[in-house]
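The chain below stands alone and is given as structure tokens, in the form predicted on its own.
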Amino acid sequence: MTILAIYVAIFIGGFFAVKYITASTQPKDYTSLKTVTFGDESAVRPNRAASIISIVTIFLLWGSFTGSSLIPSFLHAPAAYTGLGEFNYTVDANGQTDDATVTVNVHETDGEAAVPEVEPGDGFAKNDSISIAKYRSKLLRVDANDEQGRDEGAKIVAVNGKAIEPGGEVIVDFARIAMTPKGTLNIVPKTGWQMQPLYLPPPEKVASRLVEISSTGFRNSTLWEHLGYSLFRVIVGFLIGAAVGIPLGYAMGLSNWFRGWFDPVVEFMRPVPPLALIPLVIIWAGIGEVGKIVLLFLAALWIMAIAARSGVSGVNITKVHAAYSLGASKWQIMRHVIIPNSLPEIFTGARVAMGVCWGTVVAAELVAAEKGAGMMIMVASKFQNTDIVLMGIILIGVIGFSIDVLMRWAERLLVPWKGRS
């Protein structure tokens, strides 16, 4: 919740700051001359300043809550406590009380776990020491070396002068001291706001892992082989799905019979997530490459069919009538009217289908794959290599975004008439 609140605050602050800075510099383009822009999709363009601030904010939050060395230390969120800490406890033994001190060494998870040496003291309650890794907790039965223990009726009644009883707790400078129902002290050092590397490693650790795997590989394959196999599966599955889905969509858009015959099948399969088909595909085609490509084919098929059908249905009928009035044949109408006017919808469907296929291939590779981004993430998660998992997720996102950018570029190049009547 803290991270979300900071993110929202930066979003709001950045919005007003950019709006104030750019208020005096209005663009001199067609959009700025429009009298009505709210609700007009053509008037909305990505604000580059907002994009830059968004990316920088995410990076800063990531670095701040992981203690990254890439950002100044004053931007770091409070870290987990490390070092030596002490607290006193009071023991009541049959009406007699005595105090002792516990020295706690809170060390790094991969650091030295040395137990501090302490003098036992003169009373019947003896001083203790313990070593705890940060982000961890540990039970300490302080009466184990006291002259009078729990079995003789001794019990802890206070910590740092504050009364405590079974189930209660006392907050000291560096930790929370809780008492179990049996009277044992549980020492929980303060964890701060930063996340454990097991859950979220800092950016530099992910970057170093990327450099390492790029040079040495992962499980007998290079990083580029893993990503290449995933991309190959996606492209093959998508192309086969498009080769079947587009003609099917055209047929459904042009023929009542085809529409009636295939519409129930397409509409039934459309909401079924591709991941739900994995068990069935394994039974049909096995766990090899064929099975993965079949799954991606099914992921793209229905999307492309619906996109082509929608493209045909959206063709302006006046264009068809004009072509007929000029003596065009059905094939000429198909070639010069229907296909060109349906391509924008098909390209939109292709972008969606590629995104779905790219997301599906990762899940498909979780099942008995020897190479691929999904396999890399799955194996790394088994050994709790969070840096590799995060590296794989980032690479998948970058490649997916690059695919979408490439398809938008191809759309602008091949369908320049999109949005024009």
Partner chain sequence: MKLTTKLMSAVAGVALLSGAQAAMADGHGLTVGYFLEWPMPFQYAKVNGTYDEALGAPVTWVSFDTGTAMSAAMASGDVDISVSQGVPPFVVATSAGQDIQILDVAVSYSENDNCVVATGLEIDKTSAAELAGKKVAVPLGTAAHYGFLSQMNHFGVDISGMSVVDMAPAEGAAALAQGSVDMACGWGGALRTMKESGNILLTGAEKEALGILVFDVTSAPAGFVAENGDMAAKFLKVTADANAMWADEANHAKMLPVIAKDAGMDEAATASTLAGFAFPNMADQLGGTWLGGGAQTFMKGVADVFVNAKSIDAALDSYDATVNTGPLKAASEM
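Please read all numbers here as calculations on a predicted model, not as lab measurements. Positions refer to the first chain, counted from 1.
The protein also exists as the form predicted together with the partner chain; that form is not presented, and the subsequent description refers to it.
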The stretch from 258-266, 77-85, 309-317, 279-287 that lies within 4.5 Å of the partner chain in the model of the complex, judged by heavy atoms, is 279-287
Only hit among 145, 97, 196, 103 for heavy atom within 4.5 Å of the partner chain in the model of the complex is 196
The listed residue (180, 208, 160, 131) that reaches within 4.5 Å of the partner chain in the model of the complex by any heavy atom is 180
- Tell me, yes or no, whether residue 384 is in contact with the partner chain in the model of the complex, where a contact means a heavy atom of each within 4.5 Å. yes
**Asked** Are any of the heavy atoms in residue 361 no more than 4.5 Å from a heavy atom of the partner chain in the model of the complex?
**Response** no
Q.
Can you tell me whether residue 325 touches the partner chain? I mean in the model of the complex, with a 4.5 angstroms heavy atom cut-off.
A. no
Partner contact for residue 352 in the model of the complex: the partner chain, 4.5 angstroms, heavy atom: no
Applying a 4.5 angstroms cut-off on non-hydrogen atoms, the residues of 207-243 near the partner chain in the model of the complex are 209, 219, 220
